[in-house]
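Starting off, we have a lone chain in the form predicted on its own, written out as structure tokens.
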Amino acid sequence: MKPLALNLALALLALALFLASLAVGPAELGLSESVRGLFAGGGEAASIIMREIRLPRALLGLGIGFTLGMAGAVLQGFLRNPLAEPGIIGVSAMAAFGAVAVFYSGLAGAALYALPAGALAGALAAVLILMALAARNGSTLTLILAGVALSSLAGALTALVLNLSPNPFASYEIIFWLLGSLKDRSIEHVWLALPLMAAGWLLIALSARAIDALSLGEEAAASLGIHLARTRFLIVAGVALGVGAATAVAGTIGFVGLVVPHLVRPLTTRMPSRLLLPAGLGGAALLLAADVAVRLVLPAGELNVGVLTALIGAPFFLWLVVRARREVF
């Protein structure tokens, strides 16, 4: 499929699901009432529902899905591993631990930005550790091992905080946040996360030529003039900015970055750089579709979108493992 046609089709799909996200919710608003509430003022109740509840949720679904899809595509190309996804370098786990630490300290309710700031601090710590271990002379294997170690450490620290939490209600709130959700987010969360995610997209896009060369191996890429340390920095920093910002406002939403690149790769030329934009658009479409689905399946007791993406992604991951095993043997 031609790149322009593929990107246009995925963009239209993401747009359609964005509009569906604006239209779906427990408040039964008609089409004209929804449009007036979003653009022309309309009634006070419709304006609040559309501008302060549904619009931020749809914008975050679009931005976070794009970030996760693009991050998964660049990591699979960079690490030359079809099972790679944004969590493999430990950034999302460290960001989640940073937010959990803010919950535990009691600062989460002190200010709107306290929780996202804690998550971003955790993501920054992950970047500094990864850069110290693998930025200069470390191989991609070193980066993977460092990421696995960070994920394990962050998971252990998160479990420790839950174990030590004296308030069961605080523990419940932490667990609920870790499940990942887009509901009850405000436009302030959008303005906080979107610039950081956009900066992550830019850094990842700057690495496009390098990941094409890296598909031939690190030695071949170096012989073609690719600066490996710079490429690692661009990819790790880009993924950390994007995924850290996404985790900061929505909690942990897994498997989008794993599933989407595999779904769109057969439609591309299979060059890693040509997969970045389609994977981003596909990730946006998948997350918006999942967020619409959780509102329709159980309207009274809405599922967290992170639960649904895990239910979709875990069997897909197992299928990838089985397929890889068959190819080896």
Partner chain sequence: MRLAIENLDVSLSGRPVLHGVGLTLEPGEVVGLLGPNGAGKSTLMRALAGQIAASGTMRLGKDDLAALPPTVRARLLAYLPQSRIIGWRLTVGDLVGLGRLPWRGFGARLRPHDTEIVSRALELMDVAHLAHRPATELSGGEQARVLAARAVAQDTPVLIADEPASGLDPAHQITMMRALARLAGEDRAILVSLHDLTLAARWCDRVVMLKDGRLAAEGPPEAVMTAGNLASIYGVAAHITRDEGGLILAPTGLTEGGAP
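Numbering follows the first chain given and starts at 1. The model shown is predicted, which means the values in this text are computed figures rather than measured ones.
Keep in mind that the form predicted together with the partner chain is not shown, yet the notes after this line are about it.
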161, 198, 205, 107 - the one with a heavy atom within 4.5 Å of the partner chain in the predicted bound form: 205
The partner chain: the contacting residue among 265, 295, 36, 51 in the predicted bound form [heavy atom, 4.5 Å]: 265
Which of 183 to 191, 223 to 231, 115 to 123, 98 to 106 sits within 4.5 Å of the partner chain in the predicted bound form, heavy atom basis: 223 to 231
4.5 Å heavy atom contact, residue 77 and the partner chain in the predicted bound form: yes
Heavy atom of residue 82 within 4.5 Å of the partner chain in the predicted bound form: yes
In the predicted bound form, residue 215 touching the partner chain (heavy atom, 4.5 Å): yes
Partner proximity in the predicted bound form: residue 27 to the partner chain, non-hydrogen atom cutoff 4.5 Å: no
The partner chain in the predicted bound form - contacting residues of 269 to 298, heavy atom within 4.5 Å: 269, 270, 271, 272, 274
